[in-house]
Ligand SMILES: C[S@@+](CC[C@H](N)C(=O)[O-])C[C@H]1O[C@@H](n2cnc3c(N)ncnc32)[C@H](O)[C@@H]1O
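Okay, here we've got a single chain as structure tokens, the form predicted alone, with questions on binding and movement later.
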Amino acid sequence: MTTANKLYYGNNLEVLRNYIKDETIDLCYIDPPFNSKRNYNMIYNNIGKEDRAQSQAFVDTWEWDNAAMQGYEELLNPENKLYPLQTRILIEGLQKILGKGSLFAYIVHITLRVAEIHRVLKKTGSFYLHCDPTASHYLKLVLDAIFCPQGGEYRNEIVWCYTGPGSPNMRQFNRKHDTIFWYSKGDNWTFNKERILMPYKDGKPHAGGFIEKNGGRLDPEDYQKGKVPETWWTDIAIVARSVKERLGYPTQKPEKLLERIINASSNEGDTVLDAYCSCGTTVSVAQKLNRRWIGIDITFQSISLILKRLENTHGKEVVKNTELNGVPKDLESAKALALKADDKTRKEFEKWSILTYSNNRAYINEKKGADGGIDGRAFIYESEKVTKQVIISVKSGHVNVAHVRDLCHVVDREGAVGGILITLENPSKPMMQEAKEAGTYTNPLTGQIMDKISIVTVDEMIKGSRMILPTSPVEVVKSAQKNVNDTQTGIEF
């Protein structure tokens, strides 16, 4: 491939608007966050006051805030030609039905992005939206209102069926399927049926040379070639805990699912876009099938995982030739990440700092609210079976000697062997002195001596400074989710 593949770290709406040109994408697949654990009946009383104990993740992500309000007003603006009249009418009607709450904020979020995806698709392009029954009926209306008035067409509703255990206390049927909507931008679209044929499971020879099947007869040659899959897919299993490709990502989709979609709706050399990259299944499969690809994700944890996945699966050269955008490359861009308006808790700055400095071998502290002074943890070997932890604290604001003392206290409290303070601001002499007085730790396995408290500046990190510890070879983002339920419904935050 002569054109570099591209991976963007940032808000996908901003990336789509600013970096993806009109009619440059052959195929787009997205698997945006969705939540099936919330009370479905709340949809019809959606005024932003849901039971947060039931739907915390959903509410935290899709709030009726200034961003949602701004998006809503934009969708209703008749001067914006990106949105057909039918889209504006639909959004205005849904607001009256749903109210201005979390579900409607989600609909606004998706509508803004689908309109941009429609813009960047070639006239022969296809779009696949992966969702679940919680909001699929609303999302199909959105897709109809964007694609159909502009010459596009609904092609299929694919039902991906899978199996898995349900709760023993269930009082309803065990839902084990997702919905995938396929739309084409025009009336000339790619569909490579010969690449996705699957074998017939039954049939018996007939005296006339045909293969007898329920519903008709087939020529033996056609029977041997196989059939085009129906719109219910039961032959692709979820990424279970025992599956080799499993990365531990809670909503990871199987590679076979993306192989079928990419093979069917694109050709070698085509460009595939995934605007919600997550753990990178789409881009990894696109790479395997010799497609160009563009991936976007808003969390650095996902970007980090994708890069490691590409390296492990396709080799370091693929990562080297990937154009990486949005990741801080100097002190000013690191400061900009720390001050992002839509990340008031500065979690993304923390994740970037921890994963970058540890070469993806530290665990992010995902605990909401008070974190006890712990932003991340690294684990080092003291013997073949014994590991000890190193506490990581990240500070993006003003720092002083009290922060060093606090870290010392946390290290002692947690029984850790050391602590690392990553700071955007340069440390003072009293801070360095306090860290020095904390003493050293000697690793009994390697004999390595390290400061019990280390202070690392972001500037040093950008210039190449990295954590050098006898850490576990298990990568952070693969292990950090080890206790997450295996089911593919919902998303964890």
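Everything quoted here is computed from the prediction, not taken from an experiment. In case it trips you up, residue 1 is the first one in the sequence shown, and so on.
From this point on, the text means the form predicted in complex with the named molecule, which you will not see here.
Taken together, the three residues 328, 356 and 457 all stay farther than 4.5 Å from the named molecule in the predicted bound form, as judged by their closest heavy atom.
In the predicted bound form, the named molecule sits within 4.5 Å of a heavy atom of residue 277. In the predicted bound form, the named molecule sits beyond 4.5 Å of every heavy atom of residue 352. Contact check for residue 118: no non-hydrogen atom falls within 4.5 Å of the named molecule in the predicted bound form. Residue contact with the named molecule in the predicted bound form: residue 404 places no heavy atom within 4.5 Å of it. Residues of just one listed stretch (389-397, 77-85, 243-251, 136-144) have heavy atoms within 4.5 Å of the named molecule in the predicted bound form: 243-251. The partner is absent here; in the predicted bound form, the one residue of 124, 299, 313, 150 having a heavy atom within 4.5 Å of the named molecule is 299. This chain is displayed alone, yet in the predicted bound form one of 109, 100, 176, 347 has a heavy atom within 4.5 Å of the named molecule; that residue is 109. Residues from 9-25 that approach the named molecule in the predicted bound form with a non-hydrogen atom closer than or equal to 4.5 Å are 10, 11, 12, in the order they occur in the chain.
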